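Presented as structure tokens, the chain that follows is alone, the form predicted alone.
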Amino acid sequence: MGVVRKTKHLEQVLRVFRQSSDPLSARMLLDALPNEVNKSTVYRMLDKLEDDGVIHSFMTLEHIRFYALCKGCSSGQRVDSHAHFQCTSCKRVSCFSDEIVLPIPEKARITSVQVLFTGQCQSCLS
């Protein structure tokens, strides 16, 4: 599945991701887009962008999928191996900038890893 055409709606979706410092849920993305963008179109775009290595997704504690821009990934290779954090008080979700190195079991081919830290963010601790 790949992003075949650069449509106006696709450009709007990418702009929202570029302007956000935090990962976005589909609901947050839809709220940031003009009303004329169809909900099912956005979900299809998210799938295509993830297949192409433009964005990556992960699940939060509430089983809500969040999306964030990848850095250096492609459809054939995922190199964006960082962890995510969810505040248990305010529910804010963020990406850690540091890469995490995890052990890979021998004789295994790992295709996906998700690391989600939970706790309280600095704002909630204050």
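Just so it is clear, the structure is predicted and the values come from calculations on it, not from any experiment. Don't overthink the numbering: it's just position in the shown sequence, from 1.
Omitted here: the form predicted in complex with a further copy of the same chain. The next part is about that form.
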Y43 versus a further copy of the same chain, in the predicted bound form: is there a non-hydrogen atom within 4.5 Å?
no
For C90, is any heavy atom within 4.5 Å of a further copy of the same chain in the predicted bound form, or not?
no
Does a further copy of the same chain get within 4.5 angstroms of any non-hydrogen atom of K71 in the predicted bound form?
no
Touches a further copy of the same chain in the predicted bound form: V16 (any heavy atom, 4.5 Å)
no
Even though the chain is shown alone, can you say which residues of 38-66 have a heavy atom within 4.5 Å of a further copy of the same chain in the predicted bound form?
M59, T60, L61, H63, R65
